[in-house]
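Two forms, one protein chain; structure tokens for each follow separately as structure 1 and structure 2.
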Structure 1
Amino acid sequence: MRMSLDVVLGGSLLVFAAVVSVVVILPGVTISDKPSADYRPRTELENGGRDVYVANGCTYCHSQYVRWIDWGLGAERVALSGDYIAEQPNLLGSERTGPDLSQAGGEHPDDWHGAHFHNPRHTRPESIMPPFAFLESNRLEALIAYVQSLGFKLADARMERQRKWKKPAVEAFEAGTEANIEWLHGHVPEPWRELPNPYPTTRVGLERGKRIYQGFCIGCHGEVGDGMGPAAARLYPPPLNFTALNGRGATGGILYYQIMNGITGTAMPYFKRELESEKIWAVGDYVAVYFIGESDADTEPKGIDAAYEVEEEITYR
């Protein structure tokens, strides 16, 4: 085929028609205009928070959709067209410089968000998100309400769970250190309470644990594990003072379970999607050695050692 003006124009029109068909016509025909089962209308406060979200350009760094291929990110639900029937304009976003927020509601309690928006480094020490301390209290309240609505009815269920556990968590804290620790440990399943850290304490492991602690924990629990990190002033109940755990039966299994699963109702989030098993054991042992002052690492009951096991062991017991 010889190239000519007619061929170029005809080919360009065919390409344009194909793009319009796939991007405009096909979605218009196939996308449902009915709400999804999880959808609910937003409240006036939540809509006000959406305006704050838009005005501050949050869509430049956060998406609000999950595809099938995103399940590797730890997503629990794929986005449906019926989730967006009231979105004008939609806030899908195209970048994930920060995490996807389509199911962010109820992942954290309100006070965590307050500390996070004030300065994200206080709750996520390695975050590159800018601080929003300039927001007036009413706009901050609205923004938090909007974020807590993301996920609609599923988010409402998570928020109900946060509220359910917030009250007893506060009561346990206000009852004193002994009662608080007893309450926290009492909600760890018994097999975990009796489980020691299966990895030996080593210099490499402690360095790894220190790095993880600095990247995830230091903003709330502080440099010396006393619960006096920069976020603590905005959190209630405040972060746990690890030094108070000395002599109170904080096994490696207890630390692992609480790091993995978080403590709902408090600002302590779960890390099961971000930290694989060895890293949770490592940061738990770092806390045990340097802040609690006692570690049960590599004690009985023991199983078969892993194929790759560091031989150089440090004894801290």
Structure 2
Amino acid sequence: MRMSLDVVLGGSLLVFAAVVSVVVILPGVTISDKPSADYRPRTELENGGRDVYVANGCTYCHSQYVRWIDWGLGAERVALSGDYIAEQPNLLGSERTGPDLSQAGGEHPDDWHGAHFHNPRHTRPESIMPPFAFLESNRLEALIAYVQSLGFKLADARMERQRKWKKPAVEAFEAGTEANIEWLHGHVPEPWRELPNPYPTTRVGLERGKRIYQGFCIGCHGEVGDGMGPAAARLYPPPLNFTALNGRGATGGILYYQIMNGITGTAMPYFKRELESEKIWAVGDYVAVYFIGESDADTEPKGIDAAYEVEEEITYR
């Protein structure tokens, strides 16, 4: 073929037009615009928050579609095309420096987000998310409203649960330490309340517990476990002061359960997705030994000792 200017320009335009009609126009007209069952339109405030999300490039670190192979935040619900009908521009994202946010709504109460956006290291000590303390309060409020709407009706259901438990948590906190702890422990299922930590306290275990504490808890509960971490100023009810648990029956089982399950309505997140059982026991025992000052580790009833358990006598404090 002789490649004259006409052939080059005309030919490539023809090819291009053909391709555009197949891969752009055809999908454009055939993709269904039916909303998925969980979809609901966003409010004006939430849309304003979406603009803040766009302007600050959250999309470069956070994707917004869950795949069937995913674990972690929102993995219970795989993305559907009908979730996106109102997205303009799309915010699907191409990288996960941070977690997927398509189901972030209602995972945490608003005060957690306030502290997190102010400085992510306050609630998540090893985070590399930028601080957004420069956002004016109205834009921050909108951004939080947007994040809490991620997941549509599913997010609303989670937010409902957050609100439902926020009230009694605040009331309990305001009723004083004694009442608060009673309230907290009252919601832990009976068998857990009576369960001691079945594993012995070991030097290695405490070291591990410390590492977990520094990576996950220190920003809220503070360096010495007094609940005065840097996030505390923005959380209500504030993080628990562990020293107050001394003599108040905080068994290994209670600590385990609270860490595993979190306390919905308060900023205390659940950690069952991120920490395996061994790590939860370890951090629980670390808190018990160093901050509460009493540990029931390795006391009866504890069943048959696990195969690896060492008979190490350890003196702490």
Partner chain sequence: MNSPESAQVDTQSHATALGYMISAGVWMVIGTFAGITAGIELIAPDLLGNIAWLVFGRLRAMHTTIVMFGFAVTMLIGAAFYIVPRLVRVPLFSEKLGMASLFVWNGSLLAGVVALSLGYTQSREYAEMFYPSDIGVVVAFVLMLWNLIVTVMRRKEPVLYVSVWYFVGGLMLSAATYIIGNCMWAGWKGAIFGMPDAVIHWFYGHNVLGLLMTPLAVAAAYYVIPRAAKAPLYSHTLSQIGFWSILIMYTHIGTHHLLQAPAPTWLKLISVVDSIAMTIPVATVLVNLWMTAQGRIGKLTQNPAARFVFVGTIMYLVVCIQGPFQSLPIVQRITHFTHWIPAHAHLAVVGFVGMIGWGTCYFILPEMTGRPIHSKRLANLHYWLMFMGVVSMMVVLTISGLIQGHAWYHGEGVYRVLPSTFLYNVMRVMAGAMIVVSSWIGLYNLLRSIPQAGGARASAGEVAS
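The term rigid core refers to the most C-alpha atoms you can superpose between the two forms while keeping them within 1.5 Å. Counting starts at 1 and follows the sequence of structure 1. As the structure is a prediction and not an experimental result, all values here were calculated from the model.
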Task: Answer for which single form is the form predicted on its own - done: 1
Task: Hinge of the chain between structure 1 and structure 2, where one rigid part gives way to the other, from Pro200, Arg193, Asp33, Gly293 - done: Asp33
TODO: Give me the angle, in whole degrees, that the smaller rigid part turns through against the larger one between structure 1 and structure 2.
DONE: 49
Open item on the list: Once the core is aligned, what is the C-alpha displacement of Val20 between structure 1 and structure 2? Give it in Å to one decimal.
Closed with: 7.7
